[in-house]
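A lone chain, given as structure tokens: the form predicted on its own.
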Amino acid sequence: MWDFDTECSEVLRRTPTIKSFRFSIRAKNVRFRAGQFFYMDILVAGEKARHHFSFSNSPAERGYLEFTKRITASAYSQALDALKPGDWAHLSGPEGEFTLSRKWKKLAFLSGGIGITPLRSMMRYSLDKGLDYDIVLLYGNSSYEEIAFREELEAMERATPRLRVVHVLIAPPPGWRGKVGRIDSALMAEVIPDYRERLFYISGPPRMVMSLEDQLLALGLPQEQVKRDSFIGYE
């Protein structure tokens, strides 16, 4: 475990409503596993306030810690939106078991919106380290503009035949040739025909996570083949 004061080093705009926040590492032996989360304190109206976030960077991306968040109307989120390089923060962690399997090599990732963050960490790490995972990502979003890490996902998919990315949009732009609607069991079976051979990771808002798990179970997948990470506060 690590625990230290630090400062924001960079803020990156990912979509019209999503930002990534990077922080300098101000302690020794700061390690984490792809898919884990940490706690962060910032000042909200002059008082310390704490929230937990999944890492969106890979352990192989050194020199900073990063999380990515959709900006909402909450006081904490608004304080984050105002955060700028040099501003104080306190970080502690890591925690969580939503991490790459040591047993399964064929994986399927199901995600919606900002739930992509721990999955991005795992995909980036797998690619950077040349790991032999075979990954299919089924990623749902409201619109094309709100696909977080879209260009990077496309680049990672081009870089290895072991990663396949399928986008699903509720309101697609004109000329869209991808999947439309919401992720359901029929789409899972179509896009991932070997789903019985894969370990599934579901990440996103709680209701979405529960719904997708129910649909996987309806396909006959054992519960032991499903890992889940619910992003509370994004209903």
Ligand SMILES: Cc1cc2nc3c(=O)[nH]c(=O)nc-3n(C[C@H](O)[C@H](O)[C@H](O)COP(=O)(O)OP(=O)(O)OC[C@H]3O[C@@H](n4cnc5c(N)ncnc54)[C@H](O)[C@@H]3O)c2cc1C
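Don't overthink the numbering: it's just position in the shown sequence, from 1. Just so we're clear, the structure is a prediction, and the values are computed from it rather than from any experiment.
Omitted from view is the form predicted together with this ligand, to which the following refers.
Subject >> Exercise: residue 230 in contact with this ligand in the predicted bound form, heavy atom 4.5 Å >> reply: Taking the distances in the predicted bound form, the answer for residue 230 is yes, it comes within 4.5 Å of this ligand.
**OP:** State yes or no: in the predicted bound form, is some non-hydrogen atom of residue 133 no more than 4.5 angstroms from a non-hydrogen atom of this ligand?
**Re:** Residue 133 lies outside the contact set for this ligand.
Original post:
Using heavy atoms and a 4.5 Å limit, would one call residue 117 a contact residue for this ligand in the predicted bound form?
Top reply: Taking the distances in the predicted bound form, the answer for residue 117 is yes, it comes within 4.5 Å of this ligand.
Subject >> is_contact(residue 52, this ligand) in the predicted bound form, heavy atom dist at most 4.5 Å >> reply: Yes - in the predicted bound form, heavy atoms of residue 52 and this ligand come within 4.5 Å of each other.
**OP:** Run the contact test on 141, 144 and 150 with a 4.5 Å heavy atom cut-off to this ligand in the predicted bound form and return yes or no.
**Re:** Result no, not one residue of the spot touches this ligand.
Subject >> Position in contact with this ligand when the complex is considered in the predicted bound form, options 70, 198, 33, 167, heavy atoms within 4.5 Å >> reply: It is 70 that has a heavy atom within 4.5 Å of the partner.
Original post:
Can you say which of 109-117, 84-92, 155-163, 124-132 gets within 4.5 Å of this ligand in the predicted bound form, counting heavy atoms only?
Top reply: Checking each option against the 4.5 Å cut-off leaves 109-117.
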